[in-house]
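Single chain ahead, written as structure tokens, the form predicted alone.
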Amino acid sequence: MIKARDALTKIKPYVPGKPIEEVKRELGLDDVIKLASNENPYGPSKKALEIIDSYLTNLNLYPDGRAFELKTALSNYYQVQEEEIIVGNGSDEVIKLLSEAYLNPGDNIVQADVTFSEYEFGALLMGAKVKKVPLKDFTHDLEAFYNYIDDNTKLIYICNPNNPTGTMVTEVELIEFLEKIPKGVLVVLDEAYAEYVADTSYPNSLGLINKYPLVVLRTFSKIYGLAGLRVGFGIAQKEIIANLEKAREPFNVNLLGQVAAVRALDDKEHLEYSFRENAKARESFYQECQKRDIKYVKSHTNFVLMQVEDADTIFNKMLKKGVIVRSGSVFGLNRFIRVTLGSIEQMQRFWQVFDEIGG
């Protein structure tokens, strides 16, 4: 038996939310809804769908390895230079590139103890260590982060808003934190859910990338509704992006993903509609929780973390009735489930099933 790298022994494969078709096969169900992976229930932009259709006959060709059109569109939209952008196969890939570009065995990253798992995956893959800072009121405790930083710290991850809690840190808090970061440490601000935030104290992170060693991550998988095409990107100083480009594989973002992302970025109407409908669904969810005297964490995203007696029990009972949610046990939150905010019909189904099982 050929021995694998020692670093792999510490890695647990990522377990995504169960796909609808898998649940149908396993449980013999015909009608299943998924409220587990924070996808946009209103689908992708019609403009994106139209351009995808027109490019289907080009699938025999490789995509643009430099993603020129997409980078140009992102550059214009965010008012940054193209050299300050890297495009990835989802923002997950950019996280992996950061690990490959900056981490050596013996280095460490600092992150929250309850947050997106891919930060830890990338670090462990490179033989680095992971230092986890407990959340404070379900939110990143940036003051406590300082106590975890040492001479071997290379990357600090801040998921803002945080997955799975939906909480956020403000611009004032972020800048105060960045001002105190030691030299040689890169801060990664994962803003996968930024487009859902209405709070005016949310950081203008792109205005900070040339003042601090900061990488901002965004994705087309959430509000833009293109999760199936896997397109994400990072914005940072040119020198940082140049390092990431050295670790990037050629043709990493597929053809349909590139053209769809360009059109989705241009569809302001779809973006605003998704934002409005999500905000209404979130407020309605809070009201339903309050009716049942259920505790929840106030969210700035398209999901809500709600308290239950036993997360895995609720997850399995709901699954058998065709409603897929996310058990908090995967995050170490055994008394919480994370519920993606769906359409009106989906949320009615959720509460009907939740009440039926005695949640």
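The model shown is predicted, which means the values in this text are computed figures rather than measured ones. All residue numbers refer to positions in the sequence shown, first residue = 1.
Form predicted together with a small molecule: not shown, discussed below.
Contact with the small molecule in the model of the complex, defined as a heavy atom within 4.5 Å, holds for exactly one of 274, 258, 163, 99, namely 163.
This chain lacks the partner; the member of 159, 169, 253, 133 within 4.5 angstroms of the small molecule in the model of the complex by a non-hydrogen atom is 159. Residue contact with the small molecule in the model of the complex: residue 116 places a heavy atom within 4.5 Å of it. Proximity of residue 192 to the small molecule in the model of the complex: non-hydrogen atoms within 4.5 Å are present. None of the heavy atoms of residue 270 is located within 4.5 Å of the small molecule in the model of the complex. At least one heavy atom of residue 230 is located within 4.5 Å of the small molecule in the model of the complex. Exactly one of the stretches 213-221, 244-252, 169-177, 284-292 approaches the small molecule in the model of the complex with heavy atoms within 4.5 Å, and it is 213-221.
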